[in-house]
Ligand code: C2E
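This document opens with one chain alone, in structure tokens, the form predicted on its own.
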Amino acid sequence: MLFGNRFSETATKFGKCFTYTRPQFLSLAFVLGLALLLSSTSGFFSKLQLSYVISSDSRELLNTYSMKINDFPEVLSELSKNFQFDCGLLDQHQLQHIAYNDYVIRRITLTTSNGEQCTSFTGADVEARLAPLIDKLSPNVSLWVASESRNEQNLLVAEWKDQRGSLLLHLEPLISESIRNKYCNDCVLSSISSINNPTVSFWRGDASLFSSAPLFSSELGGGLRVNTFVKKELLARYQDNLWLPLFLLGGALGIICIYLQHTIMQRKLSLHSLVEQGIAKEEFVPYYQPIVDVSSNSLYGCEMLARWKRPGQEVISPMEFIPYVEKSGQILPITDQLIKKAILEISKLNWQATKQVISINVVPDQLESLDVMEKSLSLLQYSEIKPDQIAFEVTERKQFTDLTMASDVIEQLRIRGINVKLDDAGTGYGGFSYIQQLNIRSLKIDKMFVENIGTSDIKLSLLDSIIAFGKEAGMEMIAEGVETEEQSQYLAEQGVYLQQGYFFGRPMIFRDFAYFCKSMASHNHEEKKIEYAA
């Protein structure tokens, strides 16, 4: 009873030490589950390990001995030069001498052209029990299997012959014997057979191992295959040795996965918090990239692009935060903040006195809610910029979920004079079905098509197809990512005159964009003066 009370108290204290919350319990369960899962593969990995160990040892032993299967023709040809093939005293001496000094050879039998035989081991006569393994290893050499006694292990025999006679070499099973007892007593059996005739084989070991499937098979060369069988006890020992390391490895991988997940979650939470702070402090600023009408070398307008300027840091690229804020929904207040700043800045350029257009990027979610768009449009009511100078660009790379609602919202915008363009045309979910379903009349050709101008890439033919489609539909087309004069000229020749890209100007802050606009207006003015003078 006393022991029972003490055990109960100890268990209670132990339980208190390991009280987990639900997430902690799930994490622990995941680590333990992964550890058990990986340890359950110990049988598979033990076979791989044992196969590797045995095959490596076999190769090492083969390299140790001079006579290999592929070397037989050359070795036997050299060996034949030591004999007169008459079974005279010299041949008898050579048979004894060579067999005694070469530990690979158990016995040599010489047969003359007239049928007379002599051997290095008198009294042994097993040539009658030879079974063919490979008839023609080379024109002069064949391989045989010789049984020492019925149902017992056998020997590999190499035969060399020409018009003078033949040599039979009974080879010591050194490699098979070494492997057979290396890991435990008689627990490995190696069987060498012809690929074309697997019924005849040379083997050494416990014949009962033939009842199980081979651990592994490999090519020996010369048309031979080696099958290796092992006792279950040896395999079980390797499996037991691997269980704990695999269990610990699985646990370690589980911990790493949880750590990475936790790190990613923390980063997301941190990024979310930083974005919220950035919105509150109005750290998101508009950049402007010019869109040029190359037919008149005039400024068509610009695209407003988002940048994040944190105090004391370099400007953060949109690729580092836009994908996240689009998923989190924070893109909506960011867009409103950018519109507010952009309208204020653009108005300083007397934009309303021109026909130039500012394009603002939106996501499908914004076009699927009239309330959201109304909130964004309310930012324009105190500006002198006309509605037809505003365009919304919706990317095709993000999928619409309510095309009916989006179509209604786009129609309401069109009634007010605001155009909606399909950005990244041909790269996303809807293909050109969005153009028909949403009644979109303007598209922007993605950079991935433009950059193939001047190459043989198949996407160049897609570019031509997009342009042909746009022309046929009577759509306004703007090419993005124009970086070279060659690209600009090619597009102009195809009738795409509205172009945007580094060839004309990079995304820039308002001060630089204002200078760009002034410089371009001055240049056009000078050109007109020259025309008038002419």
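The structure displayed is predicted, hence computed values, not measured ones. Start at 1 and count along the sequence shown; that's the residue number.
FYI, the form predicted in complex with the ligand isn't displayed, but the following is about it.
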item	value
Contact stretch among 229-237, 406-414, 446-454, 97-105 - heavy atom within 4.5 Å of the ligand in the model of the complex	446-454
Heavy atom of residue 33 within 4.5 Å of the ligand in the model of the complex	no
Heavy atom of residue 318 within 4.5 Å of the ligand in the model of the complex	yes
Heavy atom of residue 322 within 4.5 Å of the ligand in the model of the complex	yes
The ligand contact at residue 120 in the model of the complex, heavy atom, 4.5 Å	no
Residue (of 345, 159, 368, 393) lying close to the ligand in the model of the complex, criterion heavy atoms within 4.5 Å	393
331, 175, 291, 79 - the one with a heavy atom within 4.5 Å of the ligand in the model of the complex	331
Stretch 336-371 - residues with a heavy atom within 4.5 Å of the ligand in the model of the complex	338, 361, 362, 363
